[in-house]
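As a starting point, one isolated chain is supplied in structure tokens, in the form predicted alone.
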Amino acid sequence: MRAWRRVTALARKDLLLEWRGRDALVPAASFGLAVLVVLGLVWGGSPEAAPPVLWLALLLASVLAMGRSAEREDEEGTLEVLVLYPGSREDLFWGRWLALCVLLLALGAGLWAAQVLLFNAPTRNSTTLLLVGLLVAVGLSAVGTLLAALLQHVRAGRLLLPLLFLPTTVPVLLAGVRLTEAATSGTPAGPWWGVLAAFDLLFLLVGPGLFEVAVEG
């Protein structure tokens, strides 16, 4: 229970900093909305194009949000201070992961609402879409938290973050697109639930250990 309190305290701290500064969510949401509008206009706002446009906009906006969050921690030296506190280093991973999950869920919900309003995107099976969004946020947050820690001491690490993040999260993008298409059209989802769940589970299992090695190095 003590570990869980530490995780929630760390997540609350990150979310409070974001709420006060809004220096990650607002730029990311603006960029994601721009991507959404441009790609939506390119494809003519067709319902068939809605899933790939939505998840691609979220993926690109996530890179901006994660990069800004990592940059803020570098500027303030937050991670170095937190490492000195007693407790498992894995708690730092879970705290940052939880805060990033909340941030991406808010970002995804805003982009989905904008797509519905601007392009009349299909809203069938909204409960299934919510579950897809949750699993996508879990996976993206796990990868982003881990890569930000691995690249913290690397020169030009902020430039390398999108170069590593985007190819790594291609399975999440594909699964999100296919599952959204299946939910809105009523067609079978195939193996994509398993792909998304396996991806999330993999990074949630290996992420904390690698994160601990990265921050102690």
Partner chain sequence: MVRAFVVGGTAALVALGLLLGLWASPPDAYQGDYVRIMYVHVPAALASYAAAAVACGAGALYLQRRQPLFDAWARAGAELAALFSGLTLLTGMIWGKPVWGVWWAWDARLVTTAVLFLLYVGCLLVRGLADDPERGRRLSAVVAVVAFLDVPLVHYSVVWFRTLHQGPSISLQGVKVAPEFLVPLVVNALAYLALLGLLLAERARLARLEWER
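As the structure is a prediction and not an experimental result, all values here were calculated from the model. Numbering follows the first chain given and starts at 1.
Just so you know, the form predicted together with its partner chain exists too; it's not on screen, but the next bit is about it.
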Task: Exercise: residue 213 in contact with its partner chain in the predicted bound form, heavy atom 4.5 Å - done: yes
Open item on the list: So in the predicted bound form, is its partner chain close enough to residue 151 to count as touching (4.5 Å, heavy atoms)?
Closed with: yes
Open item on the list: How about residue 163 - does it come within 4.5 Å of its partner chain in the predicted bound form, if we only consider non-hydrogen atoms?
Closed with: yes
Task: 4.5 angstroms heavy atom contact with its partner chain in the predicted bound form for residue 25 - done: no
- [ ] Just one of 165-173, 39-47, 26-34, 63-71 has residues with a heavy atom within 4.5 Å of its partner chain in the predicted bound form, so point it out.
- [x] 165-173
- [ ] May I ask you to choose, among 11, 195, 17, 204, the residue with a heavy atom within 4.5 Å of its partner chain in the predicted bound form?
- [x] 195
